[in-house]
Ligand code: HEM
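Encoded as structure tokens, the following chain is the form predicted alone, with no partner shown.
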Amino acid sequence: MNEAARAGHPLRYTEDGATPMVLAEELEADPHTVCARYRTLSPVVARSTGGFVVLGAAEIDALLKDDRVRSAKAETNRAKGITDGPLWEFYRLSMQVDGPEHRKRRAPFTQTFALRLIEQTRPMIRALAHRLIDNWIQGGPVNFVDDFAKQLPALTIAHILGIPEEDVPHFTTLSNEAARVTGFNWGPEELPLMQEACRQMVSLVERMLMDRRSRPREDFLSRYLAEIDVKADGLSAEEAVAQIVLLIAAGIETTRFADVALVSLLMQHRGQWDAICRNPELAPRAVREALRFEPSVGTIVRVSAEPLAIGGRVMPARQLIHLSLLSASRDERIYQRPGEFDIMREDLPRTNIGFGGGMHRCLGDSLALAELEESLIALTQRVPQLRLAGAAPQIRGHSGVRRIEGMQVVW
């Protein structure tokens, strides 16, 4: 009897009996267990709601770099009922497309969002982390999500873009609402709220760029506009706005999740937290392991441009392919003891698949790593006695940006 049957979950197959089929609700309810179970059967399974789910790390890594696999934003948006409005226009204009348009829209960031900028930003991130800790009340409890994890990436992006701090709470609320569209855990009645959040973000960024056009400064947005202007095929005003909106939305929500997951995991593995308190140089290892163990983005959706042979299965053209980063991060073929959280493991990934790969690899990966590392160093040095107040937060979701419940800590 195989693992799925032993666990009390009868196996399901496609009509031709060739491919195991996983239910979308199974994935949502217990993604790690379900992915581990089906990985023993095949690196690729059919999805009950259509398309395929790729579970194997090697297969996902290859597909992320395969030109025959394209962005599926248009298809997934239609499936969610998004066929017009601010969200549709935003995705149409953003770099989340393929081909020349993608390269043109991404190019300005290769200079303005360089590693040198990130390294120069580290002292600012460190200062922000200490400032947030200064606001905590001795003894707590502290709402770690609201009073630290949500604020740090928002304040960091605000400083980089020159957004006044008094506007940060509003930007954060809009970003949180708009980013919910990446998942599938919302109903059609909620779509107008997400559309409105996107519309307001676009409007705010439009005003910011107009201000830099009329009054250039020595800052990121002014350099971004200057980079656009020197290109013969420069971006339109609408395209310029869409890339900054994407930077804000992606930069806040994924890092917020990652920071809560990181600290929660270390609180549950006290010896590893104490090791970082004694040796801050372990912080980058802890960040990389937390990103592997609980990635912020569960699944990236792509579409096949032509028939593809993956894991012994042939996928037809125009099929939605769900690349499960969550599954790849715990693939037994890549990691020893993949279900254990261990910052000292010898097989830590050098480049985390949770940031994607190929032409669409996350632009903000270096910034996210800097924020997570600097925040962890600040926490372990300032409040080494930090501990959970109550149960560890529940992590949910297998697609898009995942969800994590509030976390209370005391010190």
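Worth saying up front: this structure is predicted, and the values here are computed from it rather than measured. Numbering starts at 1 and runs along the sequence shown.
We do not show the form predicted together with ligand HEM, though everything after this point is about it.
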Heavy atoms within 4.5 Å of ligand HEM in the predicted complex: does S327 have any?
no
Find out whether any non-hydrogen atom of P86 is located within 4.5 angstroms of ligand HEM in the predicted complex, and reply yes or no.
no
Decide whether R361 counts as a contact residue for ligand HEM in the predicted complex under a heavy atom distance cut-off of 4.5 Å.
yes
Taking any heavy atom pair closer than or equal to 4.5 Å as contact, tell me whether H102 reaches ligand HEM in the predicted complex.
yes
Pick from 296 to 304, 139 to 147, 327 to 335, 188 to 196: which stretch has a heavy atom within 4.5 Å of ligand HEM in the predicted complex?
296 to 304
Ligand HEM: the contacting residue among A258, A178, A286, A154 in the predicted complex [heavy atom, 4.5 Å]
A258
Here the chain is shown alone; which of I125, A250, L221, A158 has a heavy atom within 4.5 Å of ligand HEM in the predicted complex?
A250
In the predicted complex, residues of 347 to 383 near ligand HEM [heavy atom within 4.5 Å]:
G354, F355, G356, M359, H360, R361, C362, L363, G364, L367, A368, E371, L372
